[in-house]
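Presented as structure tokens, the chain that follows is alone, the form predicted on its own.
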Amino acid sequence: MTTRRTGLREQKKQATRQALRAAALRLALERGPDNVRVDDIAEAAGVSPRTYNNYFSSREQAIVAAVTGEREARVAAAVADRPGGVGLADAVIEAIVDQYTAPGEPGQDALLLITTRPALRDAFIDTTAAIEHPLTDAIAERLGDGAGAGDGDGDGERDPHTARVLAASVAAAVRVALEHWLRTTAASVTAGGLVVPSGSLPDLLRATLAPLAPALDAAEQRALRRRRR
């Protein structure tokens, strides 16, 4: 019964979060983000402003969440689900590229909204930080050393910080790619309000993540040697 209640509670929280972010984006598209208050979003989602504050700290965060969804969880799941024969570097890079360039995400209207509002651009870029913790756990699981939990065994090789450092580095690389992509895309908005994305986001992501591949590969090789002992 306890497990069931916990599951129902989590489902309710997820439904509330989804309702808030959907309302935030809809109102922002209808009125313009500067004309949307937190109270408006809460009312549209059928919750109190106090409840809203339990989920989001600003209207920009809620608007952007409608675009990014649960991307950080999807990235981590994609890394964890890659076949064992796929190297860690390839698993991480492909997961990032896949989840950040999925068709229709973000949509043209949402992209125009984000690229033309500095506060929304900043909030969108800030979402990259959310990748770190779930990705830490996914990398630690693939390395098989419990790094995400910080429980090194003191054998001189297992570093409880490796997965977190790698995940934080990945998040930073993604941030660099998004900053460049959004900045150049914002400059290419046409007079008619059409967004013409500048440059290839997949190529930008691969370019910023490429310097991390040797570190990801080296961590994986150390983990393999440890398991062979």
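Residue numbers here begin at 1 and follow the sequence given. Here the structure is a predicted model, which means the values were calculated and not measured.
Just so it is clear, the following notes concern the form predicted in complex with another copy of the chain, a form of the same protein that is not shown.
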- Query: Of these, 29, 44, 176, 38, which has a heavy atom no more than 4.5 Å from another copy of the chain in the predicted bound form?
  - Reply: 176
- Candidate stretches 30 to 38, 164 to 172, 62 to 70, 48 to 56, one within 4.5 Å of another copy of the chain in the predicted bound form by heavy atom: 164 to 172
- Query: Is there a non-hydrogen atom of residue 204 within 4.5 angstroms of a non-hydrogen atom of another copy of the chain in the predicted bound form?
  - Reply: yes
- Query: residue 19 near another copy of the chain in the predicted bound form, any heavy atom under 4.5 Å?
  - Reply: no
- State yes or no: in the predicted bound form, is some non-hydrogen atom of residue 137 no more than 4.5 angstroms from a non-hydrogen atom of another copy of the chain? no
- Task: Kindly indicate whether 74, 118 and 121 are, all three, within 4.5 angstroms of another copy of the chain in the predicted bound form, using heavy atoms.
- Result: no
